[in-house]
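The chain below stands alone and is given in structure tokens; this is the form predicted alone.
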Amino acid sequence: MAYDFDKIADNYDSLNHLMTFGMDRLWRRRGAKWLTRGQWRPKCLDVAAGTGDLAFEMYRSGADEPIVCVDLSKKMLEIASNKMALETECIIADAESLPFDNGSFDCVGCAFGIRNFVHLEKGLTEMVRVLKPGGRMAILELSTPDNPMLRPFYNLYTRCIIPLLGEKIAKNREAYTYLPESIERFPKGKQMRKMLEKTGCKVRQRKIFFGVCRMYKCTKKQ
């Protein structure tokens, strides 16, 4: 079962930036630029949008307004709506049952939220369903590095330091213990790529920062 993100919404952005040393902003920006590249004012959907940071990067990269943000957390979406000086449509909805017609969007993005889907394949299928043929989908997700020499340092950081930061700053150790556990359980690499290909997409994977972040670039087949 996914964690209740209403509990950590107030500190979510600051802790994300702190834990990734600010690199999460660059990773979202990279995903948004790929999504919108070569398109004129594409209509974009941000799934598991949280506080809307990916939606903002989509806007900066040329997406049309309003950018639609979907999330299960009411508090997260309230923060997204209030902090962005752009037109957004924030909808409380389950990613596994998106309230949109087939082919409604030119671009669909999901940044650091897909590992919280209860039924991953169903959620992926829904995201592709609402994407136009030829449209792009970008999924950014945290992952474990493949390099066995890096993994002990990564494990120390995610299992010990991140929960400590969550306890000290967000006063919620449980949420930031759940974070590394959810990263370790989540499929990555070839396994994730095969799941995406089953939805009817051409898929490329890009490892970022030694594989700590992975971006899956998906194009819906015509």
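Numbers for residues come from their place in the sequence shown, where the first is 1. Being a predicted model, the structure only gives us computed values, none of them experimental.
The form predicted together with a small molecule exists for this protein as well; it is not shown, and the discussion that follows is about that form.
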**OP:** Give a yes or no on whether each residue among Phe56, Cys107 and Leu131 has a heavy atom within 4.5 Å of the small molecule in the predicted bound form.
**Re:** no
Subject >> Contact residue in the predicted bound form, from Leu196, Ala63, Ala48, Val68 (heavy atom within 4.5 Å of the small molecule) >> reply: Ala48
Original post:
Of these, Met137, Ala80, Ala111, Leu124, which has a heavy atom no more than 4.5 Å from the small molecule in the predicted bound form?
Top reply: Ala111
Original post:
Does Asn16 reach the small molecule in the predicted bound form, with heavy atoms at most 4.5 Å apart?
Top reply: yes
Original post:
With the partner left out of view, is Ser143 within 4.5 angstroms of the small molecule in the predicted bound form by any non-hydrogen atom?
Top reply: no
Original post:
Heavy atoms within 4.5 Å of the small molecule in the predicted bound form: does Cys90 have any?
Top reply: no
**OP:** Would you please decide whether Leu72 lies within 4.5 angstroms of the small molecule in the predicted bound form, comparing each non-hydrogen atom pair?
**Re:** yes
Original post:
What stretch, of 48-56, 35-43, 186-194, 163-171, brings heavy atoms to within 4.5 Å of the small molecule in the predicted bound form?
Top reply: 48-56
